[in-house]
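Quick heads-up: it's one chain on its own, the form predicted alone, in structure tokens.
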Amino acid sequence: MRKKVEEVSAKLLKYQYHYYVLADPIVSDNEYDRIFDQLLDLEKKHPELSMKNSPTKRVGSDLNNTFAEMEHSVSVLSLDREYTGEGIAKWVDKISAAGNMKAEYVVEEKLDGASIVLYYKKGILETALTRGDGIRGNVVTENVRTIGQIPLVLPEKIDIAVRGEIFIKKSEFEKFNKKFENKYSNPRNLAAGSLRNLKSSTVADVPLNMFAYEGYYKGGKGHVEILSDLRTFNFPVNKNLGLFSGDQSFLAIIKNKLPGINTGPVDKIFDYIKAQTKKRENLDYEIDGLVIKVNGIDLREDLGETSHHPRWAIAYKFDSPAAETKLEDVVIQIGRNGRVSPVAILSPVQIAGSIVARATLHNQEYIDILELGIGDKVSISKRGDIIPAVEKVIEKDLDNPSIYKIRPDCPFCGTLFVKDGAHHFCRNEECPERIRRAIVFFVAKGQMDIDTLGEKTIEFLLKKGFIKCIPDIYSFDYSKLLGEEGFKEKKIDNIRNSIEESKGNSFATVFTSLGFAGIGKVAVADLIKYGFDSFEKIRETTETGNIEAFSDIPGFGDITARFLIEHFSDKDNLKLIDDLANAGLKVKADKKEGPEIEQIFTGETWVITGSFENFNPRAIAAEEIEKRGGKVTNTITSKTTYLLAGENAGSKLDKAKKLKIKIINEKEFTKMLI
């Protein structure tokens, strides 16, 4: 029986190689499925014969993985980089000046994906590690086994370590992202995040690909020979390669080994770089540069490496990053609903006309994907020209090549964090930072708009114990501020007046200002539109437990409905609403508050890009579209109805023009709303 399992496994591995790597299937899908099911049945009946690298591992497991750490046994360094042809020329001259006039150079595409190192023993995949901090990586073997292009068993019983890049094709990313309503921002982050998914069965559904670009084993002579061997070992190797040497006979030999490789004398490297740069946009995967490497292994050893990059390779980056700076620290922010947000503290750097010293890091999973640690050199950008974000690590801190981990407890109240999905939360309702954030949100512009209560004033009132919660804003005797530094009669009168004016705000404004998670302006507008126009009506329906009464509201859905019921089942929230009612705030919509807006965008899909004068942030424009029945997405496709384009619209504008999508400017959009 063991022999039968081995025979069927070998047959399937061959079929998988032809399908995933060569893109040249040699059997029909039905025949493949028949043999695959045969192996599954054999392994089910004889589990002791199931091999850890069985072809059936491609489908993954529903069991949770734990990502242990392990040290790399090969060098996993970063690359030095240049942004100009002149810089590359100087690097080549430097190699030649060291007495290496006969050096051969290989030029490869620098994929923008997730680095992986695969370790094989006697031809069997033993371990797959992420790059990590360059010294240690996360063990993601079970997830990597699901990637069809990665061989589980090699045709030779060889000990080898293979370094490569996990990536997702642009076309496959677009199709995959549609299934999740454009949840994922780009292929790179999806690829890196998938490698750390706790369930390998989920990873198996992601269209991950791999190119191998380095091999470490006994007998390796030159880099192009190693790449040729990797193909022989059934690894996918990028065909877009250039080899440059003064030895014409050597070039002829390599052309036979690697058909399709571009070759030429060393001085043609720069022409090749220009040509490949122009071809970048036509590729079905993301690259952010080219890598120029010395071919000879002996010469590589002579040149050596620094503590963070090899001297025998350099990256030519297509575009200078929006900005490069150093991560000085990470601070933890706690939102009004308890969500933990790590924020990068950066060495100040200018980007898009302003000085940036802080940037969002989202959550621990995002930090892990970046493999980011304090002291690292990073690339940052302004997403949508508004929010600074750390995009990638350029160079690890040599003295402490670590990955930052969020502390286990709240720095403001000491409560242990709870992980829910991708985020950590402080669940302490009495957390002073949560209370402060809730009050600041409540009075902010766009909410209750009590402009005389700025953050500093609120912090002062809290510190003094004058207020402890939102309703205290309306019950506190502000005459007690007389004599306090910075508070004179006129200022106190202004505070009283603006607080009194806020009582005239609509029910919808009061509702959204409470900041209940998952219940934004659109959800509140929908509730009012469909008859839930008071806190009392919502409370009464919640008490019946009839979730369908809310989920049946068009566009509302089960998730929002559950959020609503959770909030209105919380006795602290109900007391908050009662206290605000007693303070004179509106707890019921006026008749004029819920008029039906003409659904002029029904059935239309909009994409918004660029910056606007009257719709800043862009979410304001999105809200106007959704209120009128339209749908807003992040990606331009052939099904997009309109692109709303502001200043600095970028690549989405170009794509819309190619697809002949109707493009609307801010002025035209405003007229449509009237």
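In this text the structure is predicted, and so the values were computed from the model without any measurement. Throughout, we count residues from 1 along the sequence that is shown.
There is another form of this protein, the form predicted in complex with a small molecule, and it is not shown here; the text below is about that form.
Checked against the small molecule in the predicted complex, the candidates Asp368, Glu391, Glu165, Asp397 yield a single residue with a heavy atom inside 4.5 Å, and that residue is Glu165. Ser78 is the sole member of Thr325, Thr141, Thr263, Ser78 with a non-hydrogen atom lying within 4.5 angstroms of the small molecule in the predicted complex.
For Glu109, a non-hydrogen atom is located within 4.5 Å of the small molecule in the predicted complex, even though that partner is not displayed. At the 4.5 Å threshold, heavy atoms of Phe244 stay clear of the small molecule in the predicted complex, well away from it. Under a 4.5 angstroms non-hydrogen atom cutoff, the small molecule in the predicted complex lacks Phe442 among its neighbouring residues. Using a 4.5 angstroms limit between non-hydrogen atoms, Asp533 is distant from the small molecule in the predicted complex. Comparing 288-296, 443-451, 271-279, 577-585 against the small molecule in the predicted complex, the single stretch with non-hydrogen atoms within 4.5 angstroms of it is 288-296.
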